[in-house]
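Presented as structure tokens, the chain that follows is alone, the form predicted on its own.
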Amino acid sequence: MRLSRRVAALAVAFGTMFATVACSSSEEPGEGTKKVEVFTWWADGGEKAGLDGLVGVFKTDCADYEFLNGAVAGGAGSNAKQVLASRLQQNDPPDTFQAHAGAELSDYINDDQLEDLSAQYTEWGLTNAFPKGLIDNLTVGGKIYSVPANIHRANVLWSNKTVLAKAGITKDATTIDGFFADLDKLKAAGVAAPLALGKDWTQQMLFEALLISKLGPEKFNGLWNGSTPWTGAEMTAAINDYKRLLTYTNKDRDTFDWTDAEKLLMDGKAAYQLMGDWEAADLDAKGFKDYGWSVFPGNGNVFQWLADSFVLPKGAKNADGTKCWLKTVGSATGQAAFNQKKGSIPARTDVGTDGFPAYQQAAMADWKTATQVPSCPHGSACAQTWQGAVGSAQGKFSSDGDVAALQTALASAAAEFGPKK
């Protein structure tokens, strides 16, 4: 990861402050240590519970080693990423760190900061345990650098059953035109903003779901690998549909986090929300049971995935212990223990469904058979620099609705940050 001198200095200062919090002096790992420092931002709630489940398996399967929690709380991961940038700058990597699987790792790979784990994939049977679509997205230049702990699905449309029933909607729409028709029914029934929406990355998610419907999975993947142009007429039509879709959303969307939009759904002020499947666990935790779910209209059998993964940084002090941690992360037992508590599903397709709630069981079945595509705002389709450029362009569009300007900005971002031909 290349940082400007100023940014690097800030990262060092910020990182030093938080690193002091992450590891007490009595727990510092060192050369020859049996400790394995696992660096995450999982410090609370379901994420912490999932990590605890994984640690329980690690203690059994890797009894020669000791887990050292390097979690940095706060900022939805931004604090941890600042600390990590600082430590990598100082050649002081943790033994392993959490990162989104896929293209988000490209900066670390390009900077030669990660070890190749391809041999471990063969040794541990992961090449066959993970579906081919995931393996393809994880492979960079013929090598694999991370082990996914889980899978989340991004393209899920959540609904309020009572609001839909009052508007006479009894079936999930399967096309964009059908969805527009249902949104019109809801407006006619008095629901002013039937599609709840939040700011920045939540708008990117909605836009991507629409692109999948308009372009299909192959052309959607092509946007990220360079085979589909951002300048074509199909993109123009998709952006126009996205502009129309925004007219059904709450006007204060740019000030809302995803949970604020979720509250509109729970309160019956909206009928739908496009959100990742962590929403099921959140709705359950809040005691709201009157919800339904479906794949976003027009997405068909497409499973848009994102994943948390772990890596082996070059210079890790306990490489053998880290490999034992990574083997635990990729094991069927480890994935069951982690995902049952976090609310996601295993990346492996050979984990039994016992112990998983109804939504997760349905998602596990889909994961085995669906067409898999990645997501830019969640790092599986694009690098962080590209994410930022797309986010800025869509933030502007949310205010001005300028179709031509958005298409130009997206094409420019792809040319600057996307794959080079």
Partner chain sequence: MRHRRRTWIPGLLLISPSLILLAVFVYGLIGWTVNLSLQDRHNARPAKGYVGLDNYTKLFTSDINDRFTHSLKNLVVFTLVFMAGTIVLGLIWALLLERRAKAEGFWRTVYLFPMAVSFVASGVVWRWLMNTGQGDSAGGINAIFHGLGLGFLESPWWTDPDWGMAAMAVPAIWQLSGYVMALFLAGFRGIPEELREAAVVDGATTFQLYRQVLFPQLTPTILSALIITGHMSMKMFDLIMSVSGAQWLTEVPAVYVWQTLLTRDYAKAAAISVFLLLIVAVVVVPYLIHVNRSEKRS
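Numbering follows the first chain given and starts at 1. Owing to the predicted nature of the structure, the values given are computational and were not obtained by experimental measurement.
Here the subject shifts to the form predicted together with its partner chain, a form of this protein not shown in this document.
If we define contact as a non-hydrogen atom of the residue within 4.5 angstroms of the partner, is A393 a contact of its partner chain in the predicted complex? Residue-level check for A393: yes, a contact with its partner chain.
Is Q82 near its partner chain? Define near as a heavy atom within 4.5 Å, in the predicted complex. Looking in the predicted complex, residue contacts with its partner chain include Q82, since a heavy atom lies within 4.5 Å.
Heavy atoms within 4.5 Å of its partner chain in the predicted complex: does W258 have any? Residue-level check for W258: no, no contact with its partner chain.
If you check in the predicted complex, is G352 within 4.5 Å of its partner chain, heavy atoms only? Outside the cut-off, so no.
Single option in L88, I212, L223, L186 placed near its partner chain in the predicted complex, where near means a heavy atom within 4.5 Å: Contact with its partner chain in the predicted complex is made by L88 alone.
Looking at A389, A49, V57, A362 here, can you tell me which has any non-hydrogen atom within 4.5 angstroms of its partner chain in the predicted complex? Looking at the other structure, the residue within range turns out to be A389.
In the predicted complex, which of the stretches 284 to 292, 237 to 245, 100 to 108, 168 to 176 has residues with heavy atoms within 4.5 Å of its partner chain? One stretch meets the cut-off, namely 100 to 108.
Using the arrangement in the predicted complex, list in sequence order the residues of 180 to 215 with any heavy atom within 4.5 angstroms of its partner chain. Sequence-ordered list: K199, D200.
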